[in-house]
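The form predicted on its own is given below as one chain in structure tokens.
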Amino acid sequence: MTPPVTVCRVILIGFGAVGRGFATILAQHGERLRRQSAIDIRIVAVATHSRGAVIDPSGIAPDALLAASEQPGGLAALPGAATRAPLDIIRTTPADVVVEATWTDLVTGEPAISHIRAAFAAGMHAITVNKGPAALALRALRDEAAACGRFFGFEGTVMAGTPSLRLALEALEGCAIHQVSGIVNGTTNFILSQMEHGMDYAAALAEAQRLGFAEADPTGDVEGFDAAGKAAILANALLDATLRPEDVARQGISQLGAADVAAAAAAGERWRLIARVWRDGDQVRAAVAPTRLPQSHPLAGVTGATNALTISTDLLGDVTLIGPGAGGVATGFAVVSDILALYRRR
């Protein structure tokens, strides 16, 4: 007997790379997902900072969203176009899930935290791919979600769609985790990989910028701020800490030169920017720093923009997960993954 299909109505806040990646998945694979999961994911509203907003309670065709986002007028050309603010759309549009995919602020977490709290207040579940809320207010948001019987998903905040958090929280449930370490920033890993092939730091950074791995201002990546935010999420999600990004000891890769890379290679080692969180007695500590690893180490073999995480447990020892840690479709998949997890739990 074919199970009945459940409609999941989604309000999408933000339509940048992740929002478009999510829409691309629905446009290309929505029917397969519906057959496999019996969940019909429909975007019923999109609110953006610069491309306008659109609302249609019956669902907005994802391919139409993608096409409109490439036009000069943005979403204004679509039926149901609106000029309302995200909070107003969340408070007044009937939906099941709010997906928060706006810009990341690792100082205040806004406006994302307010969007998530508005979703809970309106009786909706919330999913974020925005590191700000998970790095700054994870325990509070988890508690608020539990108090109102809502789901709070944040899988996409550390390794995009690669299920690092779900692996630790669900598949490794029953193990005690005492340390998590890994490569959680693809830009710096790409730069270090290029330096191993003979480029100096400046040339490797320029290549990363040319390919779109690094921003015009690469400070967040190369100085370790992005990795520090993810380290705080790992510490808080997996070790039940209450660290903030500024609590993470941080050192970036901008001071590494060709001589450093050559010296490591001569010793049979490779540099990697490693984020590490660990238990130190009754405290949890976190650090991000360039680290020389033996070439035999699982993380040393991870090259290019790929991410990897090693979870150290009492019962299984070290479990290492390798996969993409960025990209619109990869992170959009994290949204799909959280939606499916929500309905499995229900």
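For clarity, a rigid core is taken as the largest C-alpha set superposing within 1.5 Å between two forms. We number the residues from 1 along the sequence you see. Bear in mind that the values here come from a model prediction, so they are computed numbers and not experimental data.
Although not depicted, the form predicted together with L-homoserine is the subject of the following passage.
**Q** How about residue 253: is it within 4.5 Å of L-homoserine in the model of the complex, going by heavy atoms?
**A** Heavy-atom contact with L-homoserine at 4.5 Å: absent for residue 253.
**Q** Residue 326: heavy atom within 4.5 Å of L-homoserine in the model of the complex?
**A** Within the cut-off, so yes.
**Q** Would residue 186 show up as a contact with L-homoserine in the model of the complex if we use heavy atoms at 4.5 Å?
**A** Yes.
**Q** Taking L-homoserine as it sits in the model of the complex, is residue 221 near enough to touch it, meaning that at least one heavy atom pair lies within 4.5 angstroms?
**A** Yes, residue 221 lies within 4.5 Å of L-homoserine in the model of the complex.
**Q** With the partner left out here, if you bring back L-homoserine in the model of the complex, are 131, 213 and 230 all within 4.5 Å of it by some heavy atom?
**A** Affirmative, all three are within 4.5 Å.
**Q** If contact means any heavy atom within 4.5 Å, which of 19-27, 6-14, 318-326, 332-340 contacts L-homoserine in the model of the complex?
**A** The contacting stretch here is 318-326.
**Q** Only counting heavy atoms and a 4.5 Å limit, does any residue of 46-69 reach L-homoserine in the model of the complex, and if so which ones?
**A** If the 4.5 Å heavy-atom criterion is applied to L-homoserine in the model of the complex, 46-69 yields nothing.
**Q** Is the shift of residue 205 between the shown form and the other one large enough to count as movement, that is, does its C-alpha move by 2 Å or more after the core is superposed?
**A** Yes; residue 205 is a residue whose C-alpha shifts (by 2 Å or more) between the shown form and the other one when the cores are overlaid.
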